[in-house]
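Have a look below at one chain only, the form predicted alone, in structure tokens format.
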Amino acid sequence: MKFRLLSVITAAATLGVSSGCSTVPVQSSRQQAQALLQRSAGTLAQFPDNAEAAENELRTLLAAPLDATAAIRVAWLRNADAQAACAQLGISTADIFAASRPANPQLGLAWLWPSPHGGDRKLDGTLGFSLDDLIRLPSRRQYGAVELRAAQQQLAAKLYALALDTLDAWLEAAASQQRLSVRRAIAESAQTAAELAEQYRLAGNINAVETALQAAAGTEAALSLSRSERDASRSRSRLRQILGLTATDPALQLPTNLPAAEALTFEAQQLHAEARSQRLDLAAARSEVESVSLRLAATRRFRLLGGSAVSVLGEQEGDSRRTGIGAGIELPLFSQGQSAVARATAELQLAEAHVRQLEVSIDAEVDAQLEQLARAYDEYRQYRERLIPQRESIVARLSEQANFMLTGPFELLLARQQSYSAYEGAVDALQSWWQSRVALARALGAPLPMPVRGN
């Protein structure tokens, strides 16, 4: 019996070597998620091989003015949510890997010593396998592969969403900085007007009411500048938070101007179709439906199987040796798997409802952002082609009149302030256009709209 039991154990161990010695493919799973992300982010989605290379790249990116591309790279390297999402994929990969492996056999040994009244020492041994586990294994591997694909798509979707959040925050920070420059110019002009009015009052050229009006305008401009400084500081803090930067990291250097806008033409129906084929979160939801469908089919197929096991038995007592095979199966008397089937059916309905909800949401989001993008561009064009040239023309004419003493300096200073305000409005419209474009990219799951040209 001793040698027979040993041979059974050796055979079982040999059977498990091919599956038990393989490692959990976490790195391979992340590389597949990265390949999915590259469809939307291109070469941006290529990550360093190790932490040292990532830190070196980070230092290089932060040493120069931070453009949109660099901001996204920094976020992917440093953002805690991105790191958590990658770790979550590792957990999912490990869970799916474990589910695709057969359960380990159970070895049991018992030594029975003879009683004082006589008898021989007895040795019992069992080697048991879960039969239903082995039967369900092919099905588990089938829907496990789909679940792994869904987990990879979910990671790629989260990283893509982080890229768009970063781009949106970068646009806000850059626009706030540009607005701040305009507000400084307005405040300086208003302060100059207030100081000049005071000089005129002292000379007796204007009355106290006119002086007070100029002083109040200067105060209002100073308050607007203070609000702009507060907004710029808040937007930079939000950007640093999304990037995952701490107080010990270098200060951010941002560009002085937002990139220019351009006229874009889209076909709504084509965009709807592209969105349904490109959205990573929708692809993950569809993979989830496929996985649950396979799980439901397996549940129905094996609903009567229940718990079952097969075992190899051995016994030795004195010179007597016996071996044999034992089996056990759960009798489906009180439950025939109805609850498991009902649960799997409900999970499938829930997954299908999630897909339908996403499709409806995508269509509505695409339509809304198309309209917002068109309106923002029209507003920006009105500023650039009409209002700003009109304001600049007024300033030029008033400057000529001031040279010939045909108008006063206060009218000219006010016109310059209004011209600066037109520039500020153009910055607002340009920011709205870019953020609408980012929102449209989010709705489509399309390649990132990277700002590259200065305005």
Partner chain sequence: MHVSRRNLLMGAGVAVTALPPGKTDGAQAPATPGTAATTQTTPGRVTTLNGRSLDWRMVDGAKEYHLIASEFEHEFAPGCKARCWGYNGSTPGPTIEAVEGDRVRILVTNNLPEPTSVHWHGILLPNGMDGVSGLTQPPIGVGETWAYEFTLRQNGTYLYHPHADEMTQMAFGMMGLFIVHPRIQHQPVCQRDFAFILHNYALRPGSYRPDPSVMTDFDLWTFNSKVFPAIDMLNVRLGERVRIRIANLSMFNHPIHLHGHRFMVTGSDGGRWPQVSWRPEVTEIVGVGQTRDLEFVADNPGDWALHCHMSHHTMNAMGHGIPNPVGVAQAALADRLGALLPDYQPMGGNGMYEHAEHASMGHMQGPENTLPMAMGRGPFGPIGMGGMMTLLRVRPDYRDGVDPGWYSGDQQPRARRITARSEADETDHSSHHR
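Numbering follows the first chain given and starts at 1. Please read these numbers as outputs of a predicted model, since none were measured by experiment.
Heads up, the form predicted together with the partner chain isn't pictured, but that's what we're talking about next.
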Contact test, all of Ser189, Asn403 and Tyr420, partner the partner chain in the predicted complex, heavy atom 4.5 Å: yes
May I ask you to state whether Pro409 is within 4.5 Å of the partner chain in the predicted complex, using heavy atom distances? yes
Tell me, yes or no, whether Ala396 is in contact with the partner chain in the predicted complex, where a contact means a heavy atom of each within 4.5 Å. yes
Spell out, yes or no, whether the shortest heavy atom distance between Tyr200 and the partner chain in the predicted complex is within 4.5 Å. yes
Although the partner isn't part of this model, could you tell me whether Arg391 comes within 4.5 Å of the partner chain in the predicted complex, counting any heavy atom of the residue? no
Note: exactly one of Ala222, Ala216, Leu196, Leu313 sits with a heavy atom within 4.5 Å of the partner chain in the predicted complex, namely Leu196
Counting non-hydrogen atoms within 4.5 angstroms of the partner chain in the predicted complex, say which of Asn205, Gln269, Gln357, Ser115 makes the cut. Asn205
Testing 38-46, 23-31, 53-61, 412-420 against the partner chain in the predicted complex with a 4.5 Å heavy atom criterion leaves exactly one stretch, namely 412-420
